[in-house]
Structures are given as structure tokens and as C-alpha cells.
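Before any questions on binding or motion, here is one chain by itself as C-alpha cells, the form predicted on its own.
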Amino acid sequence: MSGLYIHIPFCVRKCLYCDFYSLETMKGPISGRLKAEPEDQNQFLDSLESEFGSAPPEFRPDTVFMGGGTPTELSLSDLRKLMSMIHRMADLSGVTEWTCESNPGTITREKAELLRESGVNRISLGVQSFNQRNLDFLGRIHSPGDVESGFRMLRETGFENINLDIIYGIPGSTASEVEDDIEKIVELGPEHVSCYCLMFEQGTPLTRMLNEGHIRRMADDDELEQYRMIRKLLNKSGYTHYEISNFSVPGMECRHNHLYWGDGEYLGFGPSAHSHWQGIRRGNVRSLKKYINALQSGDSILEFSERLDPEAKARETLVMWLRRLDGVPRNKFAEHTGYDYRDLCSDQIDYFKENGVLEDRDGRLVLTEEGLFVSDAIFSELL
């Protein structure tokens, strides 16, 4: 399989926790984040079309993912222009899953109908919480009511594959509030649910607030309690927990994300977009102005490009495969990478097994329940 990723670098207002590259389009007082200029969106679309011209002629994606930023922040006319450009840039006849991220505050019936008519068959809706206080804390622009009305509108326009994102571990939130979030999600009945623990990324307003003592992180034990509650409630409601942060009804796993977790190939377009193609990983510049200027002048838009040596590539594959709850089949891993994972990092694996966060299960290396919650620390050591 191969995938196409397109990064739309615009948000109405950037959330206080978000580290993905985007520019704010909201008028009024500056929130401390990068602001878009009036001409930026037109120049971006022209530059994106130019970058599309670099796609290999044999490129034929199986999945498409439009992320950001907020793709549905674009006006209806700009969104129509974008969809037309995508159809011209590659043969999409083999696409089985086409996802578009959206904020409940920016999706309209007209945009939903356009997306559906253009081939998008999966929407990922950034809910984060059904509690207004928690939404305000995160800097979201929508209300709980926007989520429910937006979800029903998406159903009415024909979307039969919808993901809802939520965030837990929000300072000041309670286990009962998280339980209420999950109950509301189950009541709506999406096909897929993504649940992320709040991260304090370097350079974000939320992290500055933390460092200045205005807020406190939730205790690890409380975060773990919320995570376990989410797993229990979603599993009880028929969702399969198939990746650290992802749940789906049977057969509705995110195919595009499998490319990332399964060492697949994909091409990324737009500022800050990453690609993995023919053994090379590369990333575009994390600046719209640099991206536009480079394409206009014929310069490189790459911020980095690298080919990992075989051992480093095998370690990366081990970490990505471990994200799935069914783990890493030892024989399949050796066939795919040329390495036995015991030869790669036996000391680390033994240490984590002794501490109860990794285990061997039917010829597979898997994260235990305790290991799921501390997976980032495990992955860092295995790399």
C-alpha cells in the first residue's frame, strides 16, 4: 500500500496545546501564535499545486489523508479548488479510504457535501471533550452542541465512517467527566475513536503556563485511571482497542495510519509534511513563507532527507509495530527487516519484561497493559 498526505496549515484559532504547524486566520487580538496574512491561502494553494507536480508518475495511492491545521477552515471555493487539484495530481482510482480532518466549528453542510462528492469517505472530527470548561482550557473554538449537530449532519450527508478524537488527562478534569465523554461518544456511535493523553509540547502556550506555575499537570496515577476507564468503557461498547490510542468497530481500523505503523510508503505535501518513499524519509520546511518562496524560486522545500542504515531502520520498525496491540511477530519481523529483534536490543527487552511492560505472547513481542501507558519511554530506549 501507499498513501497520500496533504497538510493544510491554517486554523481559525490554534489550540493552546497544539504543536502541529499552522497559522491562525482569526481576526482580532493576537493569541501569541503565528497569524496568517490575507494572501496566504491563495499563495498556499498555488504552491501546493506546484509541489504536486513533483509526484512520481507511478504514484497511485491507496489512501488519502488531509490533515493540518484544519482542512475545513478553507472557504468552500478554496476547498473545491483543493479537491480538483488532488484529482489532477494522481490516479485515485485505487483509493479505498480518504480521510479529512475537521473541527466541529468549521464543518458546514455545503463543505461536507463537497467532500463527499469529491471522494472523501471518512471524516475525523476533533471533539476533545464534551465539557465546556475543558474545551475552554484547551482553547477549542467549538461547543459540545457543535459536535452533536455536526456529527448528525455528517451522517445526513452520507458519511458512514467517522472518527471522533478526544483528549484525557486535562488538568482539573475528573474521572466522571471522562466517563461522560465516552458515554456521549458511544451514544453517537462513530466507527472509530482516537483517545490521546494531553501532551505539553515545547513552545506551546499550555507548556508556558505550566512552566510559569499557572497550571499543574495531572498526576500520573490519575491519567492512568482515566486511560483504563476509557479502555474498559469502549471495549464494553464493542470497540476493539487495536493501537495505543485507537479503537474501532470491527473492520473499521484506519488504513492510512497502518502505513505509518506498518512501515508503508507515503508522500506528504504542504509545509511540514513528511514522506517515506523508496527507503528515504524526508520532511518539508515548517514555514509557509519558506515553502512558498522555495517553490517560486525553484529551490528545495526540504528541511531534511535521510536514508536510515539497516539497523536503525529495523529499530524504527520495531517501535512502530509495537504500537499495535497485536504486537510484533518475531518471524515476520526477521523476514521484513533481516534482524531478529532479540539480537537488536535483547538487554532492553529483558529489562522491560522484568518490569512488566513487555511480554512474549505466542511468538510476538507485545506491550502489557502497564506498558501501553508508558510506551513513549519504552520506545525511546528501543530506538
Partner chain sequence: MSKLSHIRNFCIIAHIDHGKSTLADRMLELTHTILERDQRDQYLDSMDLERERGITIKAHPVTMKYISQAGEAYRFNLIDTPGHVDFAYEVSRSLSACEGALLVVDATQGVEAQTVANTHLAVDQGLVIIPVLNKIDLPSANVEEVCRQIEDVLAIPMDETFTVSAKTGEGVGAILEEIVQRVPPPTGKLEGPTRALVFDSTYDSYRGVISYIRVVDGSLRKGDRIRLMSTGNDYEIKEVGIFNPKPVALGALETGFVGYLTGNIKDSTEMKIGDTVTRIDQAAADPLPGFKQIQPMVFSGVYPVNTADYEKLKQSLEKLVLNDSSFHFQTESSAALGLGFRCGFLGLLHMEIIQERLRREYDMDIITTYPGVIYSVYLRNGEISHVDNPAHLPEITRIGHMEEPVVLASIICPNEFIGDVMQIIMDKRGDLEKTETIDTRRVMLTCRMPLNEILIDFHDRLKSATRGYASMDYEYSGYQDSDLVKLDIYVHGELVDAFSCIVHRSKAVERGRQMCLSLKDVIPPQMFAVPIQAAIQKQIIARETVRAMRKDVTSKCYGGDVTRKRKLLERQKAGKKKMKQVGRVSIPQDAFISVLKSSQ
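We call the rigid core whatever largest set of C-alpha positions still superposes within 1.5 Å between the two forms. These numbers were taken from a predicted model, which means no experiment stands behind them. Numbering follows the first chain given and starts at 1.
Keep in mind that the form predicted in complex with its partner chain is missing from the display, and what follows is about it.
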For its partner chain in the predicted bound form, the stretch among 56-64, 349-357, 41-49, 334-342 with residues bearing a heavy atom within 4.5 Å is 349-357
> Does its partner chain come within 4.5 Å of any heavy atom of C195 in the predicted bound form?
Replying inline: yes
task: Using the partner position in the predicted bound form, report whether C15 sits within 4.5 Å of its partner chain, counting heavy atoms only.
output: no
ask   = Would E223 count as touching its partner chain in the predicted bound form under a 4.5 Å heavy atom rule?
value = yes
Exercise. Would M320 count as a contact of its partner chain in the predicted bound form, using a 4.5 angstroms cut-off between non-hydrogen atoms?
Worked result: yes
The one residue among V249, V186, M209, M199 placing a heavy atom within 4.5 Å of its partner chain in the predicted bound form is M199
Taking S77, R116 and F269 together, does each of them reach its partner chain in the predicted bound form with some heavy atom inside 4.5 Å? no
Of the residues spanning 303-336, the ones with some heavy atom within 4.5 Å of its partner chain in the predicted bound form are F304, E306, L308, E316, V319, M320, R323
**F52 C-alpha relocation of at least 2 Å between this form and the one not shown, rigid core basis** = no
Using a rigid core alignment, state whether the CA of V357 is displaced by 2 Å or more between this form and the one not shown.
yes
- Item | Threshold 2 Å Cα movement between this form and the one not shown for I6, core superposed | no
